[in-house]
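Only one chain is included here, represented as structure tokens and corresponding to the form predicted alone.
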Amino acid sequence: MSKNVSNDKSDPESANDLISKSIVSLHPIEKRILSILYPLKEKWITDNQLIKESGLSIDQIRRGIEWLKFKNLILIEDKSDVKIYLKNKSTLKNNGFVLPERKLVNCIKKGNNNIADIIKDIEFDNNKEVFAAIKFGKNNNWINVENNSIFLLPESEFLSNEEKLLEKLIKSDSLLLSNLNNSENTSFEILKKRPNILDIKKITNKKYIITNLGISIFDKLSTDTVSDNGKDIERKLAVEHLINDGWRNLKFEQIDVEAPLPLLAYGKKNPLIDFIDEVKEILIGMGFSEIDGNLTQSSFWNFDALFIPQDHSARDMQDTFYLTSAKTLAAPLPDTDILKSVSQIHENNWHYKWNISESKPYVLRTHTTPVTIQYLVKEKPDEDKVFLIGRVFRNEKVSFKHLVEFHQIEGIFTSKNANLRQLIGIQTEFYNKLGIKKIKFWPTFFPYTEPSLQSMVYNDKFDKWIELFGMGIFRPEVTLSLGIKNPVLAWGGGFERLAMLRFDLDDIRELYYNNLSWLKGVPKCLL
């Protein structure tokens, strides 16, 4: 049965009109591709064959194929597959390949069946390999583990399905996933998750065939390609045609001026994302490194570690999103020494009985500081500059200046001699790089910094000073209880407020409206 598309028309005139219009719209690339497919008629031709026989570039082939497909002049068959290789195949061919579970069997056959002795055996590179061998040995029903000793079962004398697939790969250059049977498919899924065994490459095979309409058009095209006087039809007017007046005797190919043009609706980044990228470049240029962390945090890292008392109003359900389950979530409680130190700091300074149960509930982070604090606790740097821009969540009523979910920008600088003057300098340089020149700093209060400042920038549109970022030096009650010795300068605030200044917006919600005219109208670079 033919795979070509039937294009029979009940009305011969309408069929001829369709063919004539199609011929007029054909590009030389399309004609070249049809000239390759036409002689084959019922046979498929591959991508590589078409490139080789046409002499066209891969980009020309792709364009021509899309045009012809749109006009129903060709059919495309697109099949993808996965090619499987062995890593370090040359080494495997010479020395063979032994999976850890087979090494375990060989080790036990030598008389080593105690787990402690097996770990020391030269067969294995490290402890992880031994435990992997035990896991897969049990899966294959090769071994039985009793009281730290391992005994072989009769099944260990036979090759596993994974070993059979590896032997097949060693004998051949590669295997196609489509050619594997069910058992080999299962073995492949197991082996591809194991390190340093398989290499995988996705391949795509495309084939093309001319349709009945394509054949009819090419027949007509072949008849009309030569003019009455025996000369080829010209597509372009050349200089020599004008010089010798030869254009009067030429027959030119028709141009379809009514051919529809595609409606282009290019996608682009949201202006807010573009602005985030710009700010990241500025901070990296100032010597900061970017860090990131989890959106979910325990109450300990979100509140307690930052010297926020357990009866503080910010911890209420009205301000914070609490999660009902802590399963599979990151940021657990720290070790006992840190818990003890933090609890003593709270009790000595806030004068209440600190309760560990208040630190266990998980929340959607209300600020990004728990991420930076955990970074400092983990890395314990003597000197460092890091920043992050990430989403935070507040259980607030949405308004022109408040959102439930928004971005926060935060930066910290720590060194032996870090001081408030340096922090003001960092903030001033950051604002200047954003084009903000009118800046001043007011004293304020934050639970986890002292001294604390509020940066103020002047908004020409509203003719007034507006609050932007908070800043300060982490209190000793925060740093010392967590084992951080050097002073830590910190600053941060809502990124959307900064974006409102950049895009001259009155309402913070406009950043998230689906207003396509605004989204498309914001220029890539603002001068």
Partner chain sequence: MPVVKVRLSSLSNSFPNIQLTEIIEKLPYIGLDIEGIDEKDEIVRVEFNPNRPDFASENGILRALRGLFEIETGLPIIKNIEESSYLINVDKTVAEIRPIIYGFVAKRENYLDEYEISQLISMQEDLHNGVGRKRKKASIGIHDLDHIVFPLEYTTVSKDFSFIPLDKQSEFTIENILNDLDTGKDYGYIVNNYDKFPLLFDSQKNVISLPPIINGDMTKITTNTKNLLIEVTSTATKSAHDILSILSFELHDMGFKIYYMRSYSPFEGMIKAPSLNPLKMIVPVDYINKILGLDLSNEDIIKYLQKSRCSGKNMDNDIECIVPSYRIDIFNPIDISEEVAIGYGIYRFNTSSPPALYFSGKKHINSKIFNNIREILIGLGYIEIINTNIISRKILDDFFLKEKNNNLVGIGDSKNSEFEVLRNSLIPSIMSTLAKNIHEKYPQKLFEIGKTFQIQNSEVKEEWFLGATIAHNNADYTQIKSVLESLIRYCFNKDINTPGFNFEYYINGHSAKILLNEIEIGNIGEIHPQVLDNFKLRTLVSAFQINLDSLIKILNLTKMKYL
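These figures come from a predicted structure and were not determined experimentally. Positions refer to the first chain, counted from 1.
There is another form of the same protein, the form predicted in complex with the partner chain; it is not shown, and what comes next is about it.
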- Task: Establish, in the predicted complex, whether I273, G425 and S517 all lie within 4.5 Å of the partner chain, using non-hydrogen atoms for the distance.
- Result: yes
- Item | Candidate stretches 404-412, 169-177, 133-141, 201-209 - the one whose heavy atoms come within 4.5 Å of the partner chain in the predicted complex | 404-412
- Go through I119, L420, V82, L191 and name the one with a heavy atom inside 4.5 Å of the partner chain in the predicted complex. L420
- Query: Of these, D219, E155, D277, E77, which has a heavy atom no more than 4.5 Å from the partner chain in the predicted complex?
  - Reply: D277
- Give a yes or no for G483: in the predicted complex, does one of its heavy atoms lie within 4.5 Å of a heavy atom belonging to the partner chain? no
- Task: Using the partner position in the predicted complex, report whether F303 sits within 4.5 Å of the partner chain, counting heavy atoms only.
- Result: no
- Message: Taking the partner chain as it sits in the predicted complex, is E290 near enough to touch it, meaning that at least one heavy atom pair lies within 4.5 angstroms?
- Response: yes
- Consider G493 of the chain shown here, and say whether it contacts the partner chain in the predicted complex, taking contact as heavy atoms within 4.5 Å. no
- Residues in 356-388 close to the partner chain in the predicted complex, defined by a heavy atom within 4.5 Å, in order: Y362, L364, E383, D384, K385
